[in-house]
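To begin, one chain is listed below as structure tokens, in the form predicted on its own.
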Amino acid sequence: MSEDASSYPPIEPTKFDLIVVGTGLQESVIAAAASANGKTVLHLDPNSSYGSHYASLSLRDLSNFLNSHPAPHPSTSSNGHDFTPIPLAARPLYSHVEISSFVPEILDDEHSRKFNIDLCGPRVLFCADKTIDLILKSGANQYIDFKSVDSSFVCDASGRLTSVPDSRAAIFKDKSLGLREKNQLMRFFKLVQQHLGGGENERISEQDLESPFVEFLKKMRLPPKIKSIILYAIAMADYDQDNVELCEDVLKTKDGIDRLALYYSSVGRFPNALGAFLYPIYGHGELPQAFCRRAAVKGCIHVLRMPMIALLMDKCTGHYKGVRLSSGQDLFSHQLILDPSSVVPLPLISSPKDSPRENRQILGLGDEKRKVARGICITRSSLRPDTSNFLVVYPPRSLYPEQVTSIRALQIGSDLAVCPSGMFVLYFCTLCHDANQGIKSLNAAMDSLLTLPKSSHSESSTTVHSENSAEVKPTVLWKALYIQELTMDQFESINSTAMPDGNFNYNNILDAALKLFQKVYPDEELFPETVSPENPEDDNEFSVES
């Protein structure tokens, strides 16, 4: 906190329909939706900037955020009121943080603040996905601009980067595909298109739809190279699909077809978008800020640098009544939504009707054992001299035999205002159960694409294979590795949002936000169909810069 919370003037009014703690994407969407439905909403955040676990931060702020350790909240007294204050517990959500700077001046205050580094990267928006539809429906599109991610590549077992064909024309132009492979791929996509838009005779059978997608691709006689591109670079499967018996998350054909449809319907949706993906200018932290601005227009009150230290529970019924702030003020609401950093104390939520399993899930200790390993590198040159913004996918076992999950790497250049001119940011991500496993996978991907200097002055000249030529691997100037927990808690009128997942887009995150909103307000629409009075002509415009 940059300022003592006790110096804040009291918040007025003191009673709200909904109090939301944390300005992450889910919290901001729910706050904006509740405000759009005429609810009185107070939106708090203990941090000095918007975004929480979805923020885009300077290098120094990112380091501070990852290395911050939540302090226990002090005990509080009820002072004769009809409620009991219950101190909230805080939990660490990042571990195994490793940050290395090979060019120390990058961390100078002036230079550090020229970066907008995504905490939850790598991530994009598909041009045709539900996130775009929600941004348009809510009116948040007035506060955010996007640019296209130029292209996608998949790395094969030999270490070569192959273009992901994103259209019929791209398939024919792709020099890495033989004529037979092109014909097989065209027949497959034709079948998918007929299934999605045709009659009963053109549809894929129900039996095939319920089978593993990898088995359906084999049935279509697609070669391993094409099968890998479809599974991991288009359908974005996380786990090795070739061994169905051991795979933790088998992708069914019906889900694979849906993902293919999303990918190919995204290509060409917007005139200025070259490929299937969009990226927010200034980073993904712009998304929650856009929804916060939308909420403010509808009357939501936002207060930063204001931690909540306790829940107020009715002495007679034991039900939630309100919150106590670090300023000492008590505020009341019908509903409360917490960000994932806060944990409701176990004695508070235990009751005869709650099973131990439910309690563990409420506390984020249940079935979800996966973690997300994330990495960030900064370079002065692009991985490909002709492209700034693109995705590289490493399918399972493409880097080493024990690699059981896909690894995604996204390079973003300065044209997206995330770093100084002439620099590039690379985001890496993979799912894992064990931190060592996750860090090993990220290091393997980084070593495949980049050169780590032996000293701050080294200029290495090792090479990486591509389709056409051998290229010099960029040298890393700055590097970060960290493990992020996955959580999701809920309990009656006290709900908690989830941490950013390991997916490449926001669809599952927004699905969870929608379910939470419907739980809190079952009779309300997420965003009612209204026209913004301040900018009625702009509500359906979506800005994608060339």
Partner chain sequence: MHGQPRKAPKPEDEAASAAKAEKLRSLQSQFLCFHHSNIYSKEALEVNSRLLEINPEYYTAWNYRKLAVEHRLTQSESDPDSVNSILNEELKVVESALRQNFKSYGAWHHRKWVLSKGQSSLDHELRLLDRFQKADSRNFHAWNYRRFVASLLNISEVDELQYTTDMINKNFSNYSAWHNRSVLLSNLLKRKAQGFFPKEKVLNEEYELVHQALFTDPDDQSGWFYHLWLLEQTVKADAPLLVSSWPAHDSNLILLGESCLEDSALSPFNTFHSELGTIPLVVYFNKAVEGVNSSTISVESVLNTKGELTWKPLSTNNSQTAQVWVTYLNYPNIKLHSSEFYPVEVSVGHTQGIISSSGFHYSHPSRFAFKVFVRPFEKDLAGHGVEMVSWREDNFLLYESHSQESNPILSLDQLNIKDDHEESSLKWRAETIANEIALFRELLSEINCKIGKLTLARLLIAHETMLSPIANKMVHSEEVIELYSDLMKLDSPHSQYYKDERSLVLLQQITSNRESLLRYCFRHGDRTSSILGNSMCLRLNNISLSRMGSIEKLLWVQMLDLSHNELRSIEGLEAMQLLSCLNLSNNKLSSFTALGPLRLLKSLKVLDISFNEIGSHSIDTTRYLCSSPLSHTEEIDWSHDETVTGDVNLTNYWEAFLIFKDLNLTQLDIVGNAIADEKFKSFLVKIVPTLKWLDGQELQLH
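Residue numbers count along the first chain shown, from 1. Computed from a prediction, not measured in an experiment: that's the story for all the values here.
Same protein, other form: the form predicted in complex with its partner chain, not shown, and the subject of what follows.
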{"property": "Distance check, S163 to its partner chain in the model of the complex, heavy atom within 4.5 Å", "result": "no"}
{"property": "Contact test in the model of the complex: M186 vs its partner chain, heavy atoms, 4.5 Å", "result": "yes"}
{"property": "Proximity of I171 to its partner chain in the model of the complex, heavy atoms at 4.5 Å", "result": "yes"}
{"property": "Contact test in the model of the complex: R180 vs its partner chain, heavy atoms, 4.5 Å", "result": "yes"}
{"property": "Option touching its partner chain, based on a heavy atom within 4.5 Å in the model of the complex, out of H319, H96, H111, K190", "result": "K190"}
{"property": "H433, R397, R203, R221 - the one with a heavy atom within 4.5 Å of its partner chain in the model of the complex", "result": "R221"}
{"property": "Candidate stretches 401 to 409, 334 to 342, 171 to 179, 117 to 125 - the one whose heavy atoms come within 4.5 Å of its partner chain in the model of the complex", "result": "171 to 179"}
